[in-house]
Each structure stands twice: as C-alpha cells, then as structure tokens.
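First comes one chain, alone, set out as structure tokens in the form predicted on its own.
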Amino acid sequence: MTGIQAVLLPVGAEVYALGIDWVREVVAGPEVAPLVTAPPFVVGLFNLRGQIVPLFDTAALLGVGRADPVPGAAPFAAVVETADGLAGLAASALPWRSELGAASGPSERPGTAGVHRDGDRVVVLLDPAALLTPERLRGDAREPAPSGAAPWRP
C-alpha cells in the first residue's frame, strides 16, 4: 500500500479525511450536553464510557459554516486522541475507512495537511494536531470571532 489509510468524515456537503492513526473510534448519536457559553465551534460534551469528551463542529473549526442543522446534536463523532486528551469531531453521516491517493496539492485552510484523491472525490486531510491546539481553540490563532463574541476559555 502506498496511500494514506484514513477515515472519511462527511461534514455537510463536503468530505474530510483523518489519518487512521488519529481516530480512536467513531460514536453514533452521542448524547451531547450543550454548553451555553461555549463558542459556536463547540457542540457540547458527551460521555464516552465515563470520560467526558468535548465535541467540536468540524465545519465551524475549519471556518466553512456549521455542520449540524440541530444545535447541540451530531449524528456521529470521530473521537481523536490529541496531546490534550480525547476530542470529538462531528460528522453529519457515518464515517468510513478508505485509502487516499498521493497528495494532489496543499490546502490553504489552517488545521489541514493537504488535498488528496479518494477515487473520483477530492478530500482535504485534517491535521488534528494543528486543528485542535489550545491556542486555536482559545481564539488566538483563529479568524476573528464575530463582534461581541468572546474567545472560549476552557
């Protein structure tokens, strides 16, 4: 095998990829407790066998809108292991495993690691180490928050 083993994550009309080594598991229909004062990219928290995991709106993290039409809910969550613990990335449909072709170009979005082919589809490979940094989640490295919105302090 020469490609990258990945989990493809449907996010609205787009599909993003996570390197398989990042993904601990996929959770269907996590029961999410919304956080009233959290920024828009935080869907809420869910309990994963006794461990509280923050669930992030993948589209909002990437600055491409919102993935979930129902605030505080996500049909699926890809649980990734980061240096700061577990984190969930919301998916709008069931993620699946695939082998990506070689990189076809760079991605300009922060938190991504390049553009790849998956058959006829073009997918952007996410880099959770860059996407979920404490600085980025605090708003230090993100695009400016809408006026009146304060940076999130976990």
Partner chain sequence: MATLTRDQIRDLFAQEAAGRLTSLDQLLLRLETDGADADLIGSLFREVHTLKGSAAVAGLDDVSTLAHELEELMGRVRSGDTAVTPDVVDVLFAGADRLRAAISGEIPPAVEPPVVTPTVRAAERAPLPTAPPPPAAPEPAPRRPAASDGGVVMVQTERLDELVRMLGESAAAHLRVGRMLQDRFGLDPASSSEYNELSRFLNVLQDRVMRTRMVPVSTITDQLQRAVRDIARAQGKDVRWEVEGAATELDRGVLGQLSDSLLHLVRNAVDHGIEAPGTRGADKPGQATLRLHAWQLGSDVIVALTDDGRGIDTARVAEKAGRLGIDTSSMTDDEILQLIFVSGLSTTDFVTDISGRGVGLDVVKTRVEAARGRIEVRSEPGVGTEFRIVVPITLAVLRCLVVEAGGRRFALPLHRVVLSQAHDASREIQAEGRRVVWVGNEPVTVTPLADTLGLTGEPATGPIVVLTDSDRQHAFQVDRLVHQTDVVLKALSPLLPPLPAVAGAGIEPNGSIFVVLDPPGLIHRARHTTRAAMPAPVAATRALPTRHVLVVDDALTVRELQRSILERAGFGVRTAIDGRQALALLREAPADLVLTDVEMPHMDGFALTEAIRAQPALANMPVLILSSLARDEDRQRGLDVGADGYIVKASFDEAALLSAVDRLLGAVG
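Residue numbers count along the first chain shown, from 1. The structure presented is a predicted model; accordingly, all values stated were derived computationally and were not measured.
Not pictured, yet referred to below: the form predicted together with the partner chain.
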Quick check on this chain: which one of Ala93, Val115, Val26, Ala38 has a heavy atom within 4.5 Å of the partner chain in the predicted bound form? Ala38
In the predicted bound form, Ser104 touching the partner chain (heavy atom, 4.5 Å): no
Can you tell me if Val15 lies within 4.5 angstroms of the partner chain in the predicted bound form, counting non-hydrogen atoms only? no
Using the partner position in the predicted bound form, report whether Pro110 sits within 4.5 Å of the partner chain, counting heavy atoms only. no
Flag Gly65 as yes or no: does it have a non-hydrogen atom within 4.5 angstroms of any non-hydrogen atom of the partner chain in the predicted bound form? no
Residues in 36-60 close to the partner chain in the predicted bound form, defined by a heavy atom within 4.5 Å, in order: Val36, Thr37, Ala38, Pro39, Phe41, Val42, Leu45, Phe46, Asn47, Arg49, Gly50, Ile52, Pro54, Phe56
